[in-house]
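Next up is one chain by itself, shown in structure tokens, the form predicted on its own.
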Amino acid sequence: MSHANLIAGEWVKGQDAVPNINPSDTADVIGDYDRASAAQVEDAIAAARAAAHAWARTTVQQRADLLDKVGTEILARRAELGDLLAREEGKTLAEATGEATRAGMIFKFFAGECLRIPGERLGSVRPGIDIEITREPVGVIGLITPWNFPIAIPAWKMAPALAYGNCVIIKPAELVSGSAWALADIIHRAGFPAGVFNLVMGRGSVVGEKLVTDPRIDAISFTGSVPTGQSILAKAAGRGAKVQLEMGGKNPLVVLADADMDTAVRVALDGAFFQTGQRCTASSRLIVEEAVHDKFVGALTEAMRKQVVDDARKPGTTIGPVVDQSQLDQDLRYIDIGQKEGARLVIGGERLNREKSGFYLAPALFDATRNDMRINREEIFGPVASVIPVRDYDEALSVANDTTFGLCSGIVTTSLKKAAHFRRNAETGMVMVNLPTAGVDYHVPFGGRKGSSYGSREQGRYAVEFYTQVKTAYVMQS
């Protein structure tokens, strides 16, 4: 089945199409998804610009009703959407259904936020003058989304953009066009005016480049790799567009000597390896006090042995395949780099064969690593984690902060004092105490520091900062 692009309220056939391949079974083609031409991207931008004025002036109730309708359908179809997501991206069916549920709740949340757009009325320092501070839509927003959360991340960008009165053009990652297309279909049938929401699939060099460089695009929100994010920032900010970037992490999980070991193993296993480690919030650096190092590594190794790596939709699977051959090659390359650097491969790291041909990799755990090794400096984005032994809490905190990234950090401890100190001094946008670094709520801000993020936060009420612009009006009293 061929899936077209959505431009100006119509489904438009692209210049060509690419097959969407199931990473659990490479013989399974989910469908063909059209690539938009440069001219079609131009058409989408023109449609969004034409719709922007009227959409910005719709009532908050109109926008709330439409967003709520979208959220209701997503939740009603969460099992179906979860199955599609697991089939095209490779996370387990439970993880995929949970992500679809989250997408529905995001639209429901921003339906409510339509009715709570903040503003202020202040008195002037001059007599006889009133001041009103209001928030207005930015205009036309270009959204560029990644493959690892193919419905949740598009949802947490689309929903606030639409809620605050902006028009949207989204380019999803080509690997996972299916989830974005299904979401676009739901939005289209909900009744949004033509041009308010547009889906243009295809290559970053064609679709993404046009969105980033076209002066009619007022803002760009991007989630993906550091090099691509830096390129987008230079091009879009250089022409005066608003830019929001989420670019990954090298997240530390600190395990102290006083930690409950069962909690430490559960938290590390989840954060490092579930969803195949393909999360920007994954715990890729496990920083462990020497006093419990051997016990922790032994217990985590045993927990890893019990994991079932198989077809994402197969009952009993706990870890699905890597998303594609390119990502698998990258994971294997870093596993080789780690061994050449002198790290000890404790378990995993080998290509696995299953009943059907897929991109299966045994989750890998390195021990005896140093924080200056490449496997601890560069984002691998797969089921690969490294143990870094440290003497005490002070060294653990120092190592945790010694990275160019700053998305999320975690600590496992029974000490309230050390937990509080870590929360204050961890140089990250998010901190987890006795919880996996991966796993966040939909109604609170998401984002990091340093090389992980640029611009204002995503999600929750903080999304208003990016998707609106402030106007200050002075009014002389009669």
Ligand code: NDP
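Residue numbers here begin at 1 and follow the sequence given. Everything numeric here is computed off the predicted structure, so don't read it as measured data.
As for the form predicted together with this ligand, it is not shown, yet the points below apply to it.
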Check: Which one, Gly224, Gly82, Pro137, Gly71, lies within 4.5 Å of this ligand in the model of the complex by heavy atoms?
Finding: Gly224
Check: Can you pick the one in Tyr393, Phe274, Trp181, Phe381 that has a heavy atom within 4.5 Å of this ligand in the model of the complex?
Finding: Phe381
Notebook entry, point to check: Even though this ligand is not shown here, does Gly208 get within 4.5 Å of it in the model of the complex, heavy atoms only?
Noted result: yes
Notebook entry, point to check: Taking heavy atoms only, is Gly204 within 4.5 angstroms of this ligand in the model of the complex?
Noted result: yes
Next item on the list: Decide whether Gly349 counts as a contact residue for this ligand in the model of the complex under a heavy atom distance cut-off of 4.5 Å.
Entry: no
Note to self: Against this ligand in the model of the complex, would Asn148 count as a contact residue? Criterion: heavy atoms within 4.5 Å.
What the structure shows: yes
Item checked: Location of this ligand contact in the model of the complex, chosen stretch of 172-180, 73-81, 352-360, 369-377 [non-hydrogen atom, 4.5 Å] -> 172-180
Notebook entry, point to check: Using a 4.5 Å heavy atom cut-off, are Ile144, Ile232 and Gln330 all in contact with this ligand in the model of the complex?
Noted result: yes
Item checked: Contacts with this ligand in the model of the complex, stretch 243-263 (heavy atom within 4.5 Å) -> Met247, Gly248
